[in-house]
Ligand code: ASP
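We begin with a single chain expressed as structure tokens, specifically the form predicted on its own.
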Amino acid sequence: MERIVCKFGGSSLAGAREFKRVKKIVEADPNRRVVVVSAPGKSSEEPFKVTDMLLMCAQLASAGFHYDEIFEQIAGRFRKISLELGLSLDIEGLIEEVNQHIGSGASAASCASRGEYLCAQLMADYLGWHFVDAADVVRFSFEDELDEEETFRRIGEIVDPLERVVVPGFYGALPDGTLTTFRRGGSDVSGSLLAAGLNASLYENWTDVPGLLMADPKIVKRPKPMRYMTYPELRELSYMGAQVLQADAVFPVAKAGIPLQIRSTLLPEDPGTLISDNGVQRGIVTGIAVKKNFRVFTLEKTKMREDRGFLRKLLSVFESNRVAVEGTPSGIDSVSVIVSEEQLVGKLDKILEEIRMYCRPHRLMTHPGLALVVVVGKGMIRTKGVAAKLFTSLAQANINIRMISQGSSELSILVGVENEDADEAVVALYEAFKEQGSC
């Protein structure tokens, strides 16, 4: 029998009503046999995330203050869910266990993980499934790096034999059993690891939105959904700041060749967005994203290409100052280096001086306020006139292009514009390509 791993986010688990939705979704497909849960999130009735409240408890406890008032709010939420669902598990015993854990001086990360722990206990009891503690499955090294090999071994040994199971997301354990966590949003990673470790047929990521959108809805009004996408397209858009899954969450299933589907618990009939290695290609452009606040360093030097070590020396200045380079568009006697402004805080004058000293350019200029806009789509590879349409749409919007870059894969076209023109550029490009999106 096929096995689908389903991960449900905090907004999908905010209260008893949301738990009921999850149960209905899970029972609609008998192949949905592994459920990974986040901690309860915000809702119209609950203004705070459980994880945030747990972190505040840990902060107060570490400073020697009482945290009873905040903890009682947490306990009240779990009691309410248990009562409204008519669950039989010892919720008071579990709440007291977490209370003692916080009071024992546990780390902030360890305390934060208890939201997922309690939520998974409730969900397992509600579904009548096995509960498996993530601390027994997801393992980290003492350097706090994921031990993927040991994690997969434990998934195969502990989870695989079970018919139906609920696992808390977000956390795991060090070799000595000490609890630790992924970054915020790490339940996506937990679900991806379980899907890969079990060789699942599909990894479903259930949230409060019906899939990914072709552009940022804060910039474009009612952007069209992206129904199909490949993993390389997802990575391009994610890197450029699009509101998609964490890159860490994608790697396990992408590496294993397992499709990922993003769906909404509020609209379970909506197919959402399907991401795979060989996604169904229905359009030319998949999505448009923007990232602001870059600075351009432009160097000019006659016969630059004859100076064989020039580019190496230039990039070594940024590397030695621990500044990552976003791109290096170049001409015959000039080269530009693009870096994020936030990485240059307190370093700009030093880097400029070192470039002059080490590279001896005839001219060195720096310009702040650059935004990078990327148009991504596998369909662009086989379609003529995409670049022409892109440039025409920006010209008609009276937007000046300061930089152009296209990767060798032809998967994306990146243009640099002024920060103040960035949102308008996204709107212009969306209007130009929305009818050719992968919908």
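Because the structure is a prediction, the values reported are computed rather than measured. Residue numbers run from 1 along the displayed sequence.
Beyond the structure shown, there is the form predicted in complex with aspartic acid (ASP), which is absent from this document and is the topic of what follows.
Proximity to aspartic acid (ASP) in the predicted complex, taken as a non-hydrogen atom within 4.5 angstroms, holds for one residue of H367, K80, R184, R235, which is R184. Among V35, V375, C57, A39, the residue placing a heavy atom within 4.5 Å of aspartic acid (ASP) in the predicted complex is A39. Residue contact with aspartic acid (ASP) in the predicted complex: W206 places no heavy atom within 4.5 Å of it. In the predicted complex, aspartic acid (ASP) lies within 4.5 Å of some heavy atom of T51. For aspartic acid (ASP) in the predicted complex, the listed stretch (385-393, 43-51, 59-67, 26-34) containing residues with heavy atoms inside 4.5 Å is 43-51. Contacts between 108-137 and aspartic acid (ASP), taken as any heavy atom within 4.5 Å in the predicted complex, involve only E116.
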